[in-house]
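Below sits a lone chain in structure tokens, taken as the form predicted alone.
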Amino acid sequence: MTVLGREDLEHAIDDDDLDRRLVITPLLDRTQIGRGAVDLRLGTEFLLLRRTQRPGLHPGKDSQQEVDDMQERVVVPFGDELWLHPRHFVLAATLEYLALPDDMAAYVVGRSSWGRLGLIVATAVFVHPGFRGCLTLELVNEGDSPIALSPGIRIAQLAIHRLENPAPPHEDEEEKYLAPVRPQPSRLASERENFKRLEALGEKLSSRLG
């Protein structure tokens, strides 16, 4: 894979061929396009884990509705801020909606300016070819001071790679996070069958070992 520089990024964003165009919108400022990445801004919606009397989250047993019910959605208007306290975690989303063609993939990394304040910006990191939607960001304050997060700030960087060959989705490929436009909670509940198979495997191995 080849990393796209500024000239290639600008050409991909302005490409007249809709099948090859890299969509990043709204691009509020062309200076967001750097020498090897595009700055992404923080959106206005956040998901916070509710305090609960339950012992915790169990991805292998909790239903998707139970996972969703433990999330509190908060909207922060432009000009306001969300204070993220030390050791606290919140899900956010990019302001920009992305659409990658089938011959491009991407990696998302936090900006070092925020990392030096203690803010960790993590995502699934890899953005697969053909992705459509706003990226969900996992924000953690690892510092000792609360940090103010203001919608619209440049929060992360997107490095774009061009694949040697296009990688369209398979016909039977299931999308867990389909064109999201806001922060999305975990969809591990959809993988419950995998947890059940692991439990069955563990029971079988235990019976053989006595």
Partner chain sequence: MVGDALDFQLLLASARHEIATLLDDPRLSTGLPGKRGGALRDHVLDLIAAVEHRMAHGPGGGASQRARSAFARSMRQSIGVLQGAHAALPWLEATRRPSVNLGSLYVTEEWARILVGTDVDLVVVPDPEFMYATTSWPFSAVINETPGFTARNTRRPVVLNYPLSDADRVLLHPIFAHELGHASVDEHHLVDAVATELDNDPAFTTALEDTVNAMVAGTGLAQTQISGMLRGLLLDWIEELLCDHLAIEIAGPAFMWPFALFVLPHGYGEVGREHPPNTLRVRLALEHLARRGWRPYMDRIAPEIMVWLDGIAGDATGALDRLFAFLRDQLLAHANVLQDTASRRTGADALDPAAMEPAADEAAGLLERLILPVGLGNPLDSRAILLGGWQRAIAEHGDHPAGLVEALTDRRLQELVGKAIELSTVASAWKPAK
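Values in this document were obtained by computation on a predicted structure and should not be read as measured data. Numbering follows the first chain given and starts at 1.
Just so you know, the form predicted together with its partner chain exists too; it's not on screen, but the next bit is about it.
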Quick one: does Asn141 come within 4.5 Å of its partner chain in the model of the complex, counting heavy atoms only? no
Even though the partner isn't displayed, in the model of the complex is His128 close enough to its partner chain, meaning a heavy atom within 4.5 Å? no
Hey, in the model of the complex, is Tyr107 touching its partner chain, heavy atoms inside 4.5 Å? no
Answer yes if any heavy atom of Leu91 is within 4.5 Å of a heavy atom of its partner chain in the model of the complex; otherwise answer no. no
Within 7 to 46, which residues have a heavy atom closer than or equal to 4.5 Å from its partner chain in the model of the complex? Leu18, Asp19, Arg21, Val23, Thr25, Pro26, Leu28, Asp29, Arg41, Thr44, Glu45
